[in-house]
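Below you'll find only one chain, the form predicted on its own, shown as structure tokens.
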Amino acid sequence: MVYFKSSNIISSLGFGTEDNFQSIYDGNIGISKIENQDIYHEPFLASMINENILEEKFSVLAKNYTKFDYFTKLEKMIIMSVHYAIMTTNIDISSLRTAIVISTTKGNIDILSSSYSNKIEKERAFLWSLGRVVSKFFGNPNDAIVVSNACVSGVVALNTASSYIKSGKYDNVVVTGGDIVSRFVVSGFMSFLSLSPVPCKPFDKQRCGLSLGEASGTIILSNIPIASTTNFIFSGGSSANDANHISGPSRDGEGSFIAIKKAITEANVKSMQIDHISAHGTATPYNDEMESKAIYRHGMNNAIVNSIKGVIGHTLGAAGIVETAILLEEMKQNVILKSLGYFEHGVSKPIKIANKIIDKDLVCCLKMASGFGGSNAALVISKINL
């Protein structure tokens, strides 16, 4: 079996999974108006990490672990997230039997800007270089695996990590990832006219686009359970490509349907056994509609669905990891968080969207993800008692 051992989230809501979960539970929202000419010439909405707190916390960590003179913002976010997640385990991150898998869409894209400090070589913009920095910081002898597959990267990274453990190649895999709100990213989504002028509203009739967010997240998988307690296992995972369009998903949700089908088949569960679904839920017209169709086609109408993107925005390469970490916390506490921004049903299929906090015994849950290029992914988490 593949066990979930530990997690961490760093976002606008806090520097730990529990902090982020509690903030969402309390109804807080991390999306706010951003006025930063270095990122975009007009104000825009996004969920961004407090850089002063980030610098303060990283400076403490770097005193003990630093092996480089300078780190980018993204590197600091990822390194801190990994550090916090490892601290709660007895896993040796410097072991040959421990791998590191990194999920990101754009990595250190910001250092290509002419205004960026020349203290960091432009080579650090390569994704493999990000992996090298993280591995060396923690003294891990293996080459870090970097997964970059649009916005399904986080879920695909978790699926990849699970396959490494099941094959016996590694005992533990540290899955981490992140992305920042950069000029490149904001300009790209602005060109699509896809950013919402208000905090995004997943699955709502009045939804009008997504909100961007930056975050780093870490989940540690292992072949060793946590002793004498409830454990959460990676039951199954898969990905599929609908080959529909460079940015738009298949209108009938075919790619997502296939990914879910393969994931629940590997998990050896039936559709009706899924208690709760953490959707991708970007609040764009096509994504939410196709997800509702994929869910409906599987007969999961009674599984309660939510999306946390109305709180922390779309965190790109971190999304699948961050949202899975929140899903694990929901399962631990047997509670389903409200899908913030959802008021009036805005998709064609009668799926159940959480419009309030719901107490429910959660034994088997599904995480969905979708992204540009027709990419789709899914994974199943099951709760077991040892």
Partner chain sequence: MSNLKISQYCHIKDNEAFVNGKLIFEDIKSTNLKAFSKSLYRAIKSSYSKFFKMDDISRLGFLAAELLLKDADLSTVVSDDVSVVLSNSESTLVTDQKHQDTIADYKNFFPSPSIFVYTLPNIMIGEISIRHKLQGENAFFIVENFNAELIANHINNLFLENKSKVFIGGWVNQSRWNYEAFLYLTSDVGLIDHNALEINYLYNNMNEI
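The shown structure was predicted, so the numbers you read here are calculated from the model rather than taken from an experiment. Positions refer to the first chain, counted from 1.
What comes next is about the form predicted in complex with the partner chain, which does not appear here.
- In the model of the complex, at least one heavy atom of residue 375 sits within 4.5 Å of the partner chain.
- Though the partner is left out of this view, residue 125 does reach within 4.5 Å of the partner chain in the model of the complex, counting heavy atoms only.
- At least one heavy atom of residue 246 is located within 4.5 Å of the partner chain in the model of the complex.
- Contact check for residue 41: a heavy atom falls within 4.5 Å of the partner chain in the model of the complex.
- Proximity to the partner chain in the model of the complex, defined as a heavy atom within 4.5 Å, singles out one entry of 273, 231, 223, 148, which is 148.
- Interface residue among 297, 183, 73, 83, judged by heavy atoms within 4.5 Å of the partner chain in the model of the complex: 183.
- Three-residue candidate spot 1, 32 and 205; no residue lies within 4.5 angstroms of the partner chain in the model of the complex by any non-hydrogen atom.
- Exactly one of the stretches 159-167, 287-295, 306-314, 85-93 approaches the partner chain in the model of the complex with heavy atoms within 4.5 Å, and it is 159-167.
- If you take 234-260 and check each residue for a heavy atom within 4.5 Å of the partner chain in the model of the complex, you get 237, 238, 239, 240, 241, 242, 243, 244, 245, 246, 247, 254, 258, in sequence order.
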